[in-house]
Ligand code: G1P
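Take a look at this single chain in structure tokens; it is the form predicted alone.
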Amino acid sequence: MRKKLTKAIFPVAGMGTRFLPATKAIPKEIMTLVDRPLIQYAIDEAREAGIKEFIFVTSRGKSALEDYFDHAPQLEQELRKKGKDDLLRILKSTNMDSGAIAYIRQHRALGLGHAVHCARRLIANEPFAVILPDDVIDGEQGCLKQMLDVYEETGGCMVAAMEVPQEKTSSYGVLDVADDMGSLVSVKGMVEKPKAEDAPSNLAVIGRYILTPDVLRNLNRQDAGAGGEIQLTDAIAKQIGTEKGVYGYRFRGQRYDCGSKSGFLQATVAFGLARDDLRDDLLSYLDEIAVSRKAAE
């Protein structure tokens, strides 16, 4: 019987240099899309998929991230006293039960594979998920829950995937597809950040993974890959051809690359427009900008 997926790793040790000077004071994962931090979107997606144990791979300077998930008794008391029940419910939704979150330090920035490997003792011999908070995926159903529903039939390793322009494949891990079954593909190869002309497809790996503990054993070798870093893609690729195999899943939803400034701004606008309390004012402002730009041409 296949073990139930209950653990997820969140690699959040990066310094967020593309968002300086803001990230001089706060972790990038605490930066907000409208009024919710990036990390909250990732946590909510994991909860929807049934994740019970949350493992954060952090680094120095991430204490604000730990504080965010702690209880705030004084603030809760003030909200309760003022009858602000809606805000109190929102605040309580960010709390995590004692023991639900574990924090592991990644002392050296040696790549995503190394970050995942840091959590190996907390994973032991169980399947686990990896969620990259920079990739915010907006859909009717969370990306990880979509993957989990299919994983229960396939087993093995599974990565979220989406088509990208061929010229942008050099920024991603790219799948070499053995069998395309629509939303699900079986994988015969994975290449990390290939040159565009060498990419086996334009089907790129996005920051959601369901992995077997075999991947952690592959990472024990600490082999350096593209960019001199320990690549998670390489460790997953070693599972291709095994009995369980490797799959890519074309998720349903819009992905925003919130590790880039332009992607972060696009997500902010999209999530703002999705809010009933913000839509009209924001649309009016965007219309004004469009009219002004057209008049200036």
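No experiment lies behind these values; they were computed from the predicted model shown. Numbering starts at 1 and follows the sequence shown.
The form predicted together with this ligand exists for this protein as well; it is not shown, and the discussion that follows is about that form.
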Q.
Against this ligand in the predicted complex, would K193 count as a contact residue? Criterion: heavy atoms within 4.5 Å.
A. yes
Q. Is there a non-hydrogen atom of Y209 within 4.5 angstroms of a non-hydrogen atom of this ligand in the predicted complex?
A. yes
Q. Are any of the heavy atoms in V205 no more than 4.5 Å from a heavy atom of this ligand in the predicted complex?
A. yes
Q) Is there a heavy atom of K238 no more than 4.5 Å from a heavy atom of this ligand in the predicted complex? A) no
Q | Residues D138, L184 and R250 all lining this ligand in the predicted complex, heavy atom within 4.5 Å | A | no
Q. Looking at 65 to 73, 261 to 269, 229 to 237, 32 to 40, which one sits within 4.5 Å of this ligand in the predicted complex if you count heavy atoms only?
A. 229 to 237
Q. Of the options V130, C157, L112, C118, which one has a non-hydrogen atom that comes within 4.5 Å of this ligand in the predicted complex?
A. L112
Q: Between 247 to 274 and this ligand in the predicted complex, list the residues on our side with a heavy atom within 4.5 Å.
A: R255
